[in-house]
Ligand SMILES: NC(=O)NC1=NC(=O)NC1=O
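Consider the single chain below, provided in structure tokens and representing the form predicted on its own.
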Amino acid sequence: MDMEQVNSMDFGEFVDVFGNVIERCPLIAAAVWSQRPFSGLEDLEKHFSAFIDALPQSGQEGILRCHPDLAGRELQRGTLTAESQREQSSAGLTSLGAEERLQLAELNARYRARFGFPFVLAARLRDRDAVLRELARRLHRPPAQELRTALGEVKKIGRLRLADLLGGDPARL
């Protein structure tokens, strides 16, 4: 898909295609649609990021709460979005042993209790050992710092998803 096609999409089509760039937040795609025309992939990504940055803290935390726990209940139930399923699978989180699954579940629960939102990480950029190490490390951060880090991960995930949709190189964004 090229940028001319993106810019010519009507509202419904745009939201259908880009509605899960930010996990389970089609309203962000709806707001970004009104910013057309986009000059390219990087410009489109900047509009998604700017929307997130403009939200009050409660809205930013709400975006984080739309994300599933890594290797959590949604994975076990088969209710992850297609994008999250692919991302968690690429990190090896769909083939954890019982002990690893328990360890991750305990860390996820501690993280959620401390920060009020799930641990968010661009999982497809890591392997399962790195996911566990990063979760354990970030669990001890100050809340304001962790909010910034988690939102940065949301933006990375969005950048990767946009690159998937548009055939771009996410490393260049």
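Note that the structure is a prediction, hence the values are computed from the model and not measured. Position 1 is the first residue in the sequence shown; the rest follow in order.
Beyond the structure shown, there is the form predicted together with the ligand, which is absent from this document and is the topic of what follows.
> Is there a non-hydrogen atom of V32 within 4.5 angstroms of a non-hydrogen atom of the ligand in the predicted bound form?
No, V32 stays farther than 4.5 Å from the ligand in the predicted bound form.
> Evaluate A122 for contact with the ligand in the predicted bound form, applying a 4.5 angstroms cut-off between non-hydrogen atoms, and reply yes or no.
Yes - in the predicted bound form, heavy atoms of A122 and the ligand come within 4.5 Å of each other.
> Within a 4.5 Å heavy atom cut-off, is K155 in contact with the ligand in the predicted bound form?
No - in the predicted bound form, heavy atoms of K155 and the ligand never come within 4.5 Å of each other.
> Is E146 near the ligand? Define near as a heavy atom within 4.5 Å, in the predicted bound form.
E146: no contact with the ligand in the predicted bound form.
> Which residues, if any, of 80-107 lie within 4.5 Å of the ligand in the predicted bound form when only heavy atoms count?
Counting only heavy atoms within 4.5 Å of the ligand in the predicted bound form, the contacting residues of 80-107 are S84, E87, Q88.
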